[in-house]
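One chain comes next, on its own, written out as structure tokens in the form predicted alone.
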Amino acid sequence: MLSKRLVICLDVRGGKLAKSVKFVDTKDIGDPVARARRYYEDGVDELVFYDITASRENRDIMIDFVEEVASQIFIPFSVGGGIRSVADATRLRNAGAEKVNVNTAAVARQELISEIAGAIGSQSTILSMDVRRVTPTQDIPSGYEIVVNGGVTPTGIDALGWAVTGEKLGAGELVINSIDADGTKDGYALNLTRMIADAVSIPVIASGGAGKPEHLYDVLTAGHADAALVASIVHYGEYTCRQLKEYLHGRGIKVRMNY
């Protein structure tokens, strides 16, 4: 059995670590590079960095920032926000990012996923999906819709169908960001995560809603996720990476005790 992963998300806005609730009311809360180093030393398995305004502002991601992070940590980390071409993805890889996350630009042009996977490998190509629950319709039968531009623009695209399409196009992993659960600390969107995890054969990272260690256990078992992404509970000092992993280990979840 493969180990389950603990992933920490660092949303970056204007070079500062930021946090929101349901993708709104965003506040700056610190230095993302210093936090990355701290979480690395505390045993996190992976880090994910999102430049949360790059797509909305139609600008490139900050390469200098990626290079600085890469010099401070020695674990896998992925970067997303403003990636619109193979050149963007390659530049990030050369700057030290192990994986790239595509989101808005991939919705606008699906071929981007295949192009990036062909250039840097499926294992380095992550499809990040911002998802909001809606009333089921003929176009959105799952009741979950893809939203882009940092959770601002609804697309009318069914999340389950987009996940399956993303895998077929070459994505090697999915990040499922529940807008409804984001920052609430009320638990992950288990139904959403399980539905998508059961429909694809690539790893699924659950994102949004972690408030206590039990929530991670729930999404890694009942939610069928391969990894649990956390943010608020570590950013605000409620739990450390070590405490979360020790809890999961104590509940029989196979995790890497890499500290």
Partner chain sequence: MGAGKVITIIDYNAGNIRSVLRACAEVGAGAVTTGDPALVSKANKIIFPGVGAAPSAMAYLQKTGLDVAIKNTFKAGIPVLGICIGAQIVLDSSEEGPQKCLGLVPGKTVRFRLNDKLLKIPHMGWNEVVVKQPHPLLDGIGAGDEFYFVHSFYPRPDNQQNVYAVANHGIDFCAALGYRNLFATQFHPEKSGRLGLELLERFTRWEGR
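Residue numbers count along the first chain shown, from 1. Quick caveat: nothing in here was measured; it's all calculated off a predicted structure.
Only in words, not in the display: the form predicted in complex with the partner chain, which the text now covers.
Taking the shortest heavy atom distance, is Asp218 within 4.5 Å of the partner chain in the model of the complex?
Outside the cut-off, so no.
Is Pro203 close enough to the partner chain in the model of the complex to count, meaning some heavy atom within 4.5 Å?
Yes, Pro203 sits close enough to the partner chain in the model of the complex that at least one of its heavy atoms falls within 4.5 Å.
At the 4.5 Å heavy atom threshold, is Asp226 in contact with the partner chain in the model of the complex?
Contact check for Asp226: yes, within 4.5 Å of the partner chain in the model of the complex.
May I ask you to check whether Glu173 falls inside a 4.5 Å heavy atom distance of the partner chain in the model of the complex?
Flag for Glu173 set to yes.
Please determine, with the chain shown alone, which of 110-118, 179-187, 70-78, 144-152 has non-hydrogen atoms within 4.5 Å of the partner chain in the model of the complex.
Comparing against the partner chain in the model of the complex, the contact stretch is 70-78.
Who in 103-139 is close to the partner chain in the model of the complex, meaning a heavy atom within 4.5 Å?
Only Gln123 sits within 4.5 Å of the partner.
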